[in-house]
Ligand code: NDP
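As a starting point, one isolated chain is supplied in structure tokens, in the form predicted on its own.
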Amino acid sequence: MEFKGKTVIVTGAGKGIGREIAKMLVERGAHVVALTRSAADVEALRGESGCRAIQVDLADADATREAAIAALPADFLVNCAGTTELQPFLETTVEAFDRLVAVNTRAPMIVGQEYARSLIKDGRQGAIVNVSSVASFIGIPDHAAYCASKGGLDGLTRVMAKELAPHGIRANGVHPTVTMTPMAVKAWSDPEKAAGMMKRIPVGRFAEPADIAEVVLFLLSDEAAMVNGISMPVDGGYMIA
């Protein structure tokens, strides 16, 4: 899958899955506009891969919209930014819940709106991939706000797919299992908890960022021209175990 001459917006490109997606796209000829919160990540992305990097806190709705508009025009969009906070349901705070929904659900809506409006105005086609999680399908202890935010993202993806497809814009979701990113290390540092999760994955390992990035690039590509509105697990069989 080649993306020569294509511009791709990638949110959450500073770390983990998003960084691997940005790296892979650049290697395959794309110009990447990276949205990330950390100033250090902005500098690293510019230096390592030549990405055009925009620093933005996606929990801030107005700043998110400004950054999305500044990133345009673009051919494709990957909403990969995500955050988590480990709290049992009975101890989940309103502040944590609102922050996770803001980053994991609301920001993809805002960036997706501006991206799609630009394409429709110019009469161009495109594709959106929203990086969700298997946590949107099942209840994971200590992940109440995270599961809710990713479930909301799935609903958003389905509506985007239905409303935008007549304009030539596809939208799909990718649902990784535990992927070895800094956020996953934080969430799965307990060996007993990690072992229980691993036992449910038939292929016998957690995912690597490249495993997810390859699927994202496929869904952006013309090879996936008839794929629209799906929730694609990339989970080593976790959902069938």
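Source: prediction; values computed, not measured. Sequential numbering from 1, following the sequence displayed.
Note that the form predicted together with the ligand isn't included here; everything after this is about it.
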Region of this chain that lies against the ligand in the predicted complex, out of 116 to 124, 145 to 153, 86 to 94, 165 to 173 [heavy atom, 4.5 Å]: 145 to 153
Heavy atom within 4.5 Å of the ligand in the predicted complex - the one residue of Glu27, Glu48, Asp57, Asp190 that qualifies: Asp57
The ligand contact in the predicted complex: Pro182, any heavy atom under 4.5 Å: yes
4.5 Å heavy atom contact, Arg37 and the ligand in the predicted complex: yes
Proximity of Leu77 to the ligand in the predicted complex, heavy atoms at 4.5 Å: no
Any non-hydrogen atom of Val111 within 4.5 angstroms of the ligand in the predicted complex: no
Any residue of 112 to 135 that, in the predicted complex, places a heavy atom within 4.5 Å of the ligand: Val131, Ser132, Ser133
